[in-house]
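Provided below as structure tokens are two forms of one protein chain, presented individually as structure 1 and structure 2.
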Structure 1
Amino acid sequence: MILKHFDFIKHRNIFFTISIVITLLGILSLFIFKLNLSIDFTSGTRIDVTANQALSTTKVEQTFTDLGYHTEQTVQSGQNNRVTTIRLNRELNRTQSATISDRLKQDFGNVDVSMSTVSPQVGRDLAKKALYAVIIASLFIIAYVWIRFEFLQGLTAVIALLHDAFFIITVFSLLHIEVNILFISAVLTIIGYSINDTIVTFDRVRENVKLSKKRLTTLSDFGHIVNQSIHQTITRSINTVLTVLFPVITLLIFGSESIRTFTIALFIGLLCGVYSSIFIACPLWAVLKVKHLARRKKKRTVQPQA
């Protein structure tokens, strides 16, 4: 395997550049394309009509026009396209939703109607909560890694996980995939997973630092340790990501439409997670560590004179 002999430290700048470029691209994309937010975060109504066969979207839209609603987006999914999803940009009250449901059943036979309607206030709260969740989870993780490992490793682990979380957001923004409440779960799962992956590699770094008899000071010292640790753990990293990817891929292909955004986000995040812990977190740690040591050494040599 080529990665078993790859020098991750020597080529670090290539990967740092790639990641910085992608991150900048993401920021740009967020400004230009924004995120395709589902009604969970904005407000409005989503209606899923399940029938035995595909319904005519024009007919479905006609039903809504007849009732005086303007449909935003109509898509079909599922086996034989039997699920028709309609989005309205306004929230419905109890009577309105009952009328729509009755009318659909009247027009298209005994279809199964699922509906969710969100007011702007609830959507805002949800987005806020999600942001808090990411920040709080990050802080706890830094604290934990700080205690078990060292601060710099905690910091780089969190940089890697934010990188992964942002990468998912970038892809969703660029491809304009709908972001719903499950997307948040997916991002948080990836945060958990990404950290897990980084920790396993750092764990080996910790062990190899302990085993090394030499005092480590230069980038090549740390680079050697990092390369060695990655080479030792790379099979595990790849195998683990594979075993999680298998069900994610089969869920993507066969699973319910309702969790599609969730599985897409996981798929992207898993790939990015394994990339970032190998190509970003470890080399970045080595660079920061050497700088930190150099600064401390400088301080020590300066202090006695003062």
Structure 2
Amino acid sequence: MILKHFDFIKHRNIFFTISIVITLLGILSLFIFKLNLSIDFTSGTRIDVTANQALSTTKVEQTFTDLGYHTEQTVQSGQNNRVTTIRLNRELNRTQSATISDRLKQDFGNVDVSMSTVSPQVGRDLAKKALYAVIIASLFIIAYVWIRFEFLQGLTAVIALLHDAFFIITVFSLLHIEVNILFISAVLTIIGYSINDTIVTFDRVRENVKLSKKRLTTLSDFGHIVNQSIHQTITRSINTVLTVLFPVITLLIFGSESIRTFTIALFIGLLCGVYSSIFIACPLWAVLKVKHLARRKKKRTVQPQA
């Protein structure tokens, strides 16, 4: 494997630059295109129409147009596309819901109609709780890695995690893929998966630091340890992500439309997670570690003069 002899520290600036460019692209994309939020995070109504056979989405949208409603999105899912989901950007009262249900049954025969409505307040609360979940998870990760290893490793691990999460958001923004509650589940899943991969590498770093017979002070010293540790764990990292990617790809191909957001986010996150664990977390730790030691040395030198 070519990466078994790759110098990750020597080429660190290339990967740091790639990540910075992707981050800036994500910020620009969010500013211009924003996220395609589902009614889980905005106000609106979701209507599921289940029929004995696939319905024409054009005719379904025409029915809503005749009733004076603008459909934000119309997708089909389920076996043989028998479920048609319509998204409206407004809340419906009982009278409006009954009118729509009756008209759908009139136009398309014996269909089952179910509706779910989310108010603006519920959408804002859900988005806020999702953000809190990511922040709390990140704080616990820093605390755990700080206790188990050291603070700088906890910090770089969380930077790598946020890098992964933001990369997923960037792709969803650029491709305008709908973001629903399953998206948050996928992001939290990737956070858990990615930190596991990073901790395995950091654990090997710690072992190699203990086994080192020289005092580590320069980037070259820490770079040797990082390269050695990554080389020792890279095969495990790649094999692990491949075994997880296979079922995710299967779900992407054969899975239901209702979990499409989840599987797409998982697929992107898994690839980005193994990338950040190998090319971002450990090299960044080495750079920060050297700077931290340099500051401590400078502080000890200045204090006696005072």
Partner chain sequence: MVKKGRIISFFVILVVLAIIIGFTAKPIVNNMKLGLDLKGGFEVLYQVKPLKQGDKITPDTLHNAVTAIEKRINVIGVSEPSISIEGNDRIRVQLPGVKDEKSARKLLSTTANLTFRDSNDKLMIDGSELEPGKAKMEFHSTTNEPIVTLQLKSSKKMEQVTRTIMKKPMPDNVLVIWLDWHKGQTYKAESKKAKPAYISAPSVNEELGKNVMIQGDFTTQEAKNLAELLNAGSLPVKMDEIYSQSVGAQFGKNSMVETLYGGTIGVAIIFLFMLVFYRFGGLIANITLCVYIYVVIAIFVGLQAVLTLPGIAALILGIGMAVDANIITLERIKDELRSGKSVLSAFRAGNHRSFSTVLDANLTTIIAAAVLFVFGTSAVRGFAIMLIISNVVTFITSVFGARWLLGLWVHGRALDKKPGLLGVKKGDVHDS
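By convention here, residues take numbers in order along the sequence of structure 1, the first being 1. The shown structure was predicted, so the numbers you read here are calculated from the model rather than taken from an experiment. Take the two forms, superpose them, and find the largest set of C-alpha atoms that agree within 1.5 Å; that set is the rigid core.
The second of the two standalone chains is derived from the form predicted on its own.
H231 shows a C-alpha shift below 2 Å between structures 1 and 2 [criterion: core-superposed Cα displacement of 2 Å]. Once you line up the core between structures 1 and 2, the Cα of T42 stays within less than 2 Å of where it was.
Core-superposed comparison between structures 1 and 2: the C-alpha position of A143 differs by less than 2 Å. Fit the two forms on the rigid core and the C-alpha of S97 turns out 3.3 Å off between structures 1 and 2.
Once the core is aligned between structures 1 and 2, the alpha carbon position of D112 differs by 4.2 Å; this is the C-alpha shift at that site.
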